[in-house]
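Just the one chain here, the form predicted alone, laid out as structure tokens.
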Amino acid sequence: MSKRIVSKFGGSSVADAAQFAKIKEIVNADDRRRIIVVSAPGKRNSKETKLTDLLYSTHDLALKGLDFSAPWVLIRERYLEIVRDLKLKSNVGSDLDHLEHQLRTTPQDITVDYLVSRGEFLCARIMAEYLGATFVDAYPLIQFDAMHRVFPESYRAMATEFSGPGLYVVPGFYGSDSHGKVKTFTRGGSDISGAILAHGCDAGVYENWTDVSGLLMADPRIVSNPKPMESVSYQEIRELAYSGASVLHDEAIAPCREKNIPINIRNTNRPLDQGTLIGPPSSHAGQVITGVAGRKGFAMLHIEKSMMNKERGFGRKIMGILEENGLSFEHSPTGIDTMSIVVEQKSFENVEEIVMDSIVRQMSPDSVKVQKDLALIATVGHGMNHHIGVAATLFGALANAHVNVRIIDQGASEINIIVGVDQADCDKAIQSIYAAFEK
């Protein structure tokens, strides 16, 4: 028997009854699709507010003792409209009434994570009834620590829970923390839920259904008509996702990678499109780069001190100062007497004076400066380490576009080159790099 498929459907895929109907056709088209994971219903148009945001607003107002009727009416109507349009007998209305009563009488007993998780919980309940499937709550099934690492016994529980031949629906985005309380993942966390379930059930494929037919080599808002990626490795997509490429949450890679489970990005609205397959490295048919992506909002500390290379523990002490102030570093290009450290600007600005003072007092540098408003751009591809002149093409493209490079960093795996540029030049840099390699 072929291994089962875990299929996760994002917010746009469950936005209304018409989208639910598309999901039913997709599930019925392949009897290996046995474990269905859903997000909360997404926006139907650009003027709507996301249900998740409405739930956050409701919780905030309830805790302050303010009237939350406005967001609650919108939340209630969205779910009841889906139920009516699908002609279901769902008791979601009763669930919402009970929640509203709690929010009005004992709001302090409802954590924000619990309330926000109801977005996925209620959607999954409706989907299970519509598909004639078994509803399985993610709480307490998926148990994880503060770093989102799933406990081994939780994986064993998943294997047992889904051992039968039935069809199951599971809400995404949340599970149980180490204290037994409902805990959500970060935004986009339903991707993580699906990957965890694929790992726990030893799935043959993890399908991630959204509103695009796979991943593109660059952001279409920046590059006109970028080419699609037919296949991409776990390592490449991790680099691209971290560097700003959207569609798949970067933390959703690891659970599948551990068991070599392919991830297939598919389009709910175009189910015949094959999408993008994420898995082990492939030949890429001579392709030099897989994609290019960028993120803004970085600052760089530039520390200079004569004979720095002879001073033992200099780098460790600098990193210790960052750690003491709750900062992590992104990159650290160095010279003999210089050390540069790239950090997230927003976090750095909260502790800037303390960090700068600590460096001056503890390290006695000749100078320490900060450069802000930088963007990091990653050019990624396994083909890069098999082709001569990749760096020349990349930096030639930036020079021709009159983009000044502030940072250069290449990973040890040689599948990525990261450059730092002024934030204002980010889009122009991505466009020039993409165009150079597409030629």
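Treat the numbers as computed from the prediction; the structure is a model and nothing was measured. Residues carry their position along the shown sequence, with the first being 1.
Unshown form predicted in complex with aspartic acid (ASP); subsequent notes refer to it.
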Have a look at 64-72, 380-388, 46-54, 394-402 and name the one stretch with heavy atoms inside 4.5 Å of aspartic acid (ASP) in the predicted bound form. 46-54
May I ask you to state whether Ser39 is within 4.5 Å of aspartic acid (ASP) in the predicted bound form, using heavy atom distances? yes
Should Phe173 be classed as touching aspartic acid (ASP) in the predicted bound form when contacts are defined as heavy atoms within 4.5 Å? yes
I'd like to know if Gly200 sits close to aspartic acid (ASP) in the predicted bound form, meaning any non-hydrogen atom pair within 4.5 angstroms. no
Does at least one non-hydrogen atom of Gly214 fall within 4.5 angstroms of aspartic acid (ASP) in the predicted bound form? no
If you check Arg187, Lys310, Lys87, Lys369 against aspartic acid (ASP) in the predicted bound form, which one has a heavy atom within 4.5 Å? Arg187
Only counting heavy atoms and a 4.5 Å limit, does any residue of 206-222 reach aspartic acid (ASP) in the predicted bound form, and if so which ones? none
